[in-house]
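Given as structure tokens, the chain that follows is alone and in the form predicted on its own.
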């Protein structure tokens, strides 16, 4: 045992004293306490409760005609990954049985840098513009006065945003509480773009499907499981990998030609919408296998940082307004939580060679002995990399703050509701009624919700109106 400076520690049990008083010169004691006092870092504002595992992604189907991404170049190519599963709203020590979206984030350590596919277990999101994200999270978070999560706040906020209905058909559905992380789907949620060597662009959506199937917990099961072990999903993932029962997901993509964007009755870049699979079928790409548990929770889960802005040549962003907001927000929160050099941490650092002139700052531990830290220089051979293909679309227009045109907020929620068996519909209605029956909610707010669900499905609206004793304000 040594100090942080490497000096041997000959007694780690007792403080240095003269008689009873402890001496300030006991350097090891001061260092030990000082490190302990600072061993917690700021908790994530969202996705605080999570766990990671490591493994690989293997290409199983050739999509090189769609993208020049090196890690997707041919079947059989494997790329190391680390994956973090999480809940969204509640704190780091919260139960894993809470009804909440789940995070499904994959970091690919490719030969061309890191690609972070940061998604959820739902294929849609509550809002379509990042401007509303802080308000959304504030509504879901505990009441700032009582520190209790109260659903009247949630229903009040979303009574202004009918775009949220589609995501509520997932949150209040049976899949709102996954059985564990192994039996959970994942989605990139956003539309990205794939670009091939010729510069041809396609919109793409990413979908993870577990090979062991999707399983969820109903209310009584969730209470029983959560009451016995509030870390049940973390333990299940760890124990499964330790036993050699490696979780596996298949990666599928949906592809859309940008020239066909206007063919639909919704905006394909709207995160509150899914792409119809009968028109844009799922195409297999590869498989994700998690075969190694992390060695240290703090180093490989707490300090693990994802950023949707991290893409590789052959994959690019789209004009999805939520995605565009996330491109800034994620890196910004990591620089606050972990520091400006968070990408130097081993779990976040790329595995390929990398070099730039970003220097110094808090916790910069990269050893550098070169004299040239500017570009260009005739004393340094550093040069520009080969230009990757990016979407060639020319953008023009005037500055304005506006919503998308084709909102169509009620069609897809209604279709999803009607696709369920009657018992599943009944459980969904019960959860909606429980949320809308909160005594803090006004008759006006309840009437708005009933009106919206009536527009999604007339019979659903009638059932809600009857149980809540309100009439829709249509």
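Numbering follows the first chain given and starts at 1. It should be emphasised that the depicted structure is a prediction, and the values quoted were computed from it without experimental measurement.
The discussion below concerns the form predicted together with a small molecule, not included here.
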*Within 4.5 Å of the small molecule in the model of the complex, heavy atoms considered, which of 157, 297, 172, 330?*
330
*Tell me, out of 247, 286, 103, 313, which residue has a non-hydrogen atom within 4.5 angstroms of the small molecule in the model of the complex.*
103
*Please state whether every one of the three residues 67, 68 and 350 places a non-hydrogen atom within 4.5 angstroms of the small molecule in the model of the complex.*
no
*Among 175 to 183, 254 to 262, 331 to 339, 359 to 367, the region lying within 4.5 Å of the small molecule in the model of the complex by heavy atom distance*: 331 to 339
*Can you check whether residue 45 is within 4.5 Å of the small molecule in the model of the complex, heavy atom basis?*
yes
_Is it the case that residue 268, even though its partner is missing from this view, gets within 4.5 Å of the small molecule in the model of the complex, heavy atoms only?_
no
*Is residue 322 close to the small molecule in the model of the complex, meaning a heavy atom pair under 4.5 Å apart or at it?*
yes
*asked:* Within 4.5 Å, heavy atoms only: does residue 317 come near the small molecule in the model of the complex?
replied: no
